[in-house]
Ligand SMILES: Nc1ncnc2c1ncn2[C@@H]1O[C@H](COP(=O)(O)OP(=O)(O)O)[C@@H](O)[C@H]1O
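Single chain ahead, by itself, as structure tokens, in the form predicted on its own.
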Amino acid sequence: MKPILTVEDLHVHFVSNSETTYAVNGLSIKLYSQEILGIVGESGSGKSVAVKSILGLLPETAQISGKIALGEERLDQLNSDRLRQIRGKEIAMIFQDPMTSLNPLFTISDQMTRVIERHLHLDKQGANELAELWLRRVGITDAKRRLNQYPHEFSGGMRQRVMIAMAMSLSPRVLIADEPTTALDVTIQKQILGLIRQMESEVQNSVILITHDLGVVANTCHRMVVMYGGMIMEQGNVSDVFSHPAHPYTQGLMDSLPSENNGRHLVPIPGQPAIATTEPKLCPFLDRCPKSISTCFQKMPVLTEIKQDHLVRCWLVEQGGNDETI
């Protein structure tokens, strides 16, 4: 099966007068048709930077290299006009804070119909009818009246529903959801994630779901990518990674989850993620890893397939642990 979206050897560096930040370092992922791919990791792991680079949404200080392709079309080689055509129509994005994504000075109708008219070439009445239809589909009652309201008249959960309706109204091939439930309470989080799963099934699109919440990934995604320091530490089917986490970082994330097992204490990962101001030559997790071996201090590990579609970047796995733990 050919992937619908391909990212190969993506590097993203931010250059300032004083230093360079190495935000993404050699990321390669594939997204397949009707798949929900979860990307997890702590803040600063490069998740959001990676997906924003797909749509060309990074500032001018970003230096980007690598291959980004939607089907056979190279997004990294397109001019700004063609990228604007693809944004929304082919690839849509839902951001974590709908209040900053929605313009407070315009009604929901103004904002939804403007996008619909531009991409689908409908007249004002047709665009309004489609916007109303999608508000109803995402569970907003009295949609016709609500279209004429402003963002501040909606709750946080309802604003996020509006963002989903706006994104899905164009039937994009790929939906990117960047921490879509961060600012919402647990009940609303469940509703929004259920809505994303429902839309993926009904519209038959593909979804990249960015989150720091492993529980969200377990209940929503088909495959997952674990990122740290701008690199993939582990990737595979959700069931494989959860049942057999192989990288010490993934294991640390699992150990920090609440458990139903009586008497089990949460085990936090010590230290803080470092800001990479030098190009990484060794595993970025090395300074925090409790299982490092001598090889870890000599060269960068590569992604190694330990079973079909389950890859890990770790010398401990590659050498079978046959080395003295430091």
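Just so it is clear, the structure is predicted and the values come from calculations on it, not from any experiment. Counting begins at 1, following the sequence as shown.
What comes next is about the form predicted in complex with this ligand, which is not displayed.
This ligand is not drawn, but in the predicted bound form it has no heavy atom within 4.5 Å of residue 272. Contact between residue 21 and this ligand in the predicted bound form is found at the 4.5 Å heavy atom cutoff. Interface residue remark: residue 56 is not counted as part of the site for this ligand in the predicted bound form, having no heavy atom within 4.5 Å.
Among residues of the shown chain, residue 48 is one whose heavy atoms approach this ligand to within 4.5 Å in the predicted bound form. Proximity to this ligand in the predicted bound form, defined as a heavy atom within 4.5 Å, singles out one entry of 277, 43, 65, 298, which is 43. Stretch 48 to 56 is the contacting one of 278 to 286, 26 to 34, 48 to 56, 66 to 74, since its residues have non-hydrogen atoms within 4.5 Å of this ligand in the predicted bound form.
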